[in-house]
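Presented below, as structure tokens, is a lone chain in the form predicted alone.
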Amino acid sequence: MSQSDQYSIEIFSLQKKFGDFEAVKDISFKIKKGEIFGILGPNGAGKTTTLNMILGLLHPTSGKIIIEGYDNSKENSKIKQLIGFMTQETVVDSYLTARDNLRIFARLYHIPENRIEEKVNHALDEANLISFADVAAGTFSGGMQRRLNLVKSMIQEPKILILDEPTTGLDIQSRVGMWEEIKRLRSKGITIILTTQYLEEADQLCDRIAIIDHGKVMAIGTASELKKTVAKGNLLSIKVNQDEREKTAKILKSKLKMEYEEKDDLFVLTNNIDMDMMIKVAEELRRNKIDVQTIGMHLPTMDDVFMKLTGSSIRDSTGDQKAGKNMAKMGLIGRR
């Protein structure tokens, strides 16, 4: 197998301008066949623009996209048959049954009439919706609708599947169920591109992750590789009273010579932290009469990576943070 044959998607020096605004700035990366490749970034980072260019919905200002050996700018009609796309909005006709929703989509993909029922029944089985095949989709739970949406995007059996925030708005059980579906699709050799607002989701699912900000690729690697860019060992998080933050910063920087980042209301120390170092820091703060509310060590997370690379949190609401914490408490997610 040649090096080029290892990749489903190859992106070279991709740029997209809207007037004077440069949404995507000279990005390049390659996605291996059969991997789950995550694309993370804050709102306005260029994720959606990049996906739309891969899908052929936007033409690049410059650069090249090669998909399964086809040049996206010249052979887009062939490429469209190779890609399935699931938007973050659940797009089903609530008045139609699950079966009829799938039939319509099969015809949109020009699947021969004599094969449509076979394809539809297979999709219903894959989504575990056989018992609900002739029930109006509008009566389904959010998780059931999302599963229907997923198999609808797979009706033409694509080699590549793009999932744009596939679990947004789902409850914890439905989200974990969707994770299992995504892993199953990957096991069948399908290449998956995943965007998500849940960093623990990228950590659990993605073989590699690209973090994009301001139209540029900030880093690409496995979750473990990206976490090592924050620290090779533990981090130390400290929370103090708001009116003591300035004094604390001076102690950490001048007296203790500690490197730190400010994340939300925490000081996060990135030196090689061990128990002795934590005790030393705590004693110095106490000696200077700093009221330490919390202090603790932890290994780097994807949230730490994202904060370091972009200077902000990916989550727009405390609701998403709470969902992640609840999942961890229930043992539904872990750390890698």
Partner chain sequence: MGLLYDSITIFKREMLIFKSNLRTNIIRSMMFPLIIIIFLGNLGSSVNNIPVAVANYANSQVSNQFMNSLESGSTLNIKAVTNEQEGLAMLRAGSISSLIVILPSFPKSTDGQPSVYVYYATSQFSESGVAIPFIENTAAKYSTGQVSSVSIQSDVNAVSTQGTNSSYRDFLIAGVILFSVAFGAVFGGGMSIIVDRQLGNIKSFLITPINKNAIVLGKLFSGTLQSMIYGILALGLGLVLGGSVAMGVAGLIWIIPLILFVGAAFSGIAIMLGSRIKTIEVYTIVAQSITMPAWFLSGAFFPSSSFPPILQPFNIGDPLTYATNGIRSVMLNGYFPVGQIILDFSVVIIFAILGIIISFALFKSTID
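All figures in this text were calculated on a predicted structure; none of them were measured in a lab. Residue numbers count along the first chain shown, from 1.
What follows is about the form predicted in complex with the partner chain, which we do not show.
- Checking 110 to 118, 253 to 261, 232 to 240, 213 to 221 against the partner chain in the predicted complex, the stretch whose residues place heavy atoms within 4.5 Å of it is 110 to 118.
- Shown alone here, Ser77 lies within 4.5 Å of the partner chain in the predicted complex, counting heavy atoms only.
- Using a 4.5 Å cutoff between non-hydrogen atoms, Asp125 does not count as a contact of the partner chain in the predicted complex.
- The partner chain is not drawn, but in the predicted complex it has no heavy atom within 4.5 Å of Leu299.
- The partner chain is not drawn, but in the predicted complex it has a heavy atom within 4.5 Å of Leu57.
- This chain is drawn without the partner chain; in the predicted complex, the residue among Ile104, Ala249, Ile172, Val135 with a heavy atom within 4.5 Å of it is Ile104.
- Though the partner chain is absent from this view, in the predicted complex it lies within 4.5 Å of a heavy atom of just one residue from Asn288, Thr310, Thr61, Thr48, which is Thr48.
- Residues Ser141, Leu148 and Ile160 are none of them found to lie within 4.5 Å of the partner chain in the predicted complex, as judged by heavy atom distances.
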